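Just the one chain here, laid out as structure tokens, in the form predicted on its own.
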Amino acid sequence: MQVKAAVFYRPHEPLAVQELELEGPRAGEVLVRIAACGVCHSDLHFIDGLVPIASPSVLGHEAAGVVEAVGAGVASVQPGDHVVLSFIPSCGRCQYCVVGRPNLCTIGNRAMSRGTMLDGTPRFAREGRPVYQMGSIGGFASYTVVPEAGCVKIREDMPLDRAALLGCGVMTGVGAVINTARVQAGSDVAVVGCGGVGLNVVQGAALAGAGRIIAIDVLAHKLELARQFGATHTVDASREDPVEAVRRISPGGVDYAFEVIGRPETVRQAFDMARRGGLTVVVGVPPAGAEVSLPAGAFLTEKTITGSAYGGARMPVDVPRLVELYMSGRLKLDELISRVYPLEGINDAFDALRRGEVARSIVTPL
């Protein structure tokens, strides 16, 4: 079938909105009509040349839609189901899946990094040549084909433009707090970076019952948004040293510090904000080849640092829970959406993201 999609060809060039051929679902795969796809900083890293990706490629990995058709053997979804898509389709068989860490799935991560289905091939093509699909999804398209394991069925009264945000930004941010760090009620938390994912770290800390929640950014409007999402204190890092400010607000440092930018200098700042025995969680995606230097003596105080991949997501479990939190009024999603663009406005959406003007933009391909 013919579909419309935004295609990445090379860094530092606009995405091209073009007609592509989309092969139907093979065994174990699902054809999905995309209702909405979030515009994420991870996509921007590819466009700006900070992280390599196969090309040509359909970007977009934070998506939700409606199942149109299924391949042989698919049992968990059927045509008409509303679904959130997962950019790490867990195989269910590898060591990580078996021990309950599907976000680290060997096969799913390999497919995600290659931009293919689990069998190593993509379903998009242009003039007979393969076009890869970011995160085994390719959500900046009117339709896509994904692995069955990359679909999570949700209740039909959940708005799909809100549901799309659960596919990456919300799951990554809230999950980093709940699944990775397991933030304790009453503890102090610092969040470095208040973009779309950082705001969800803030609201994850609020959901966990944290005491002081300190949001750090260099843009005033993002700090104001952070207060709406649960921050009790804010620090403008363009005006004062963020480490000193955090240690003033939370004497000795915080119990948990989250870095949600992906820069070596902010990882170090987050580490320095944590107190003795504190935990630093790196959520941001760093440029390829970036390295971080930390003071070795700090580890003798039992400070620890870890990464968080996809918020430690167990998508079939976590997505329905997040849906219920939203439907009951306890999870903020409406407030995340700053702008909505048609597919033809995709490059304007990335320009706005690059300028720091939005929390999250949504693209509606149809």
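All residue numbers refer to positions in the sequence shown, first residue = 1. For clarity, every value in this text was computed on a predicted model and none was experimentally measured.
What comes next is about the form predicted together with ligand COD, which does not appear here.
Judged against ligand COD in the predicted bound form with a 4.5 angstroms heavy atom cut-off, the residues 40, 198 and 261 are in contact without exception. Considering ligand COD in the predicted bound form, the lone stretch of 215-223, 180-188, 92-100, 243-251 in range is 215-223 [heavy atom distance within 4.5 Å]. In the predicted bound form, ligand COD sits beyond 4.5 Å of every heavy atom of residue 256. Residue 116 falls outside the set of residues with a heavy atom inside 4.5 Å of ligand COD in the predicted bound form.
Contact annotation: residue 192 falls within 4.5 Å of ligand COD in the predicted bound form, judged by heavy atom distances. When ligand COD is considered in the predicted bound form, residue 122 lies well away from it, no heavy atom lying within 4.5 Å. Only one of 142, 109, 232, 266 lies close to ligand COD in the predicted bound form, with a heavy atom inside 4.5 Å, and it is 266. Among 154, 77, 160, 237, the residue placing a heavy atom within 4.5 Å of ligand COD in the predicted bound form is 237. Counting a residue when any of its non-hydrogen atoms is within 4.5 Å of ligand COD in the predicted bound form, the hits in 347-365 run 353, 359, 360.
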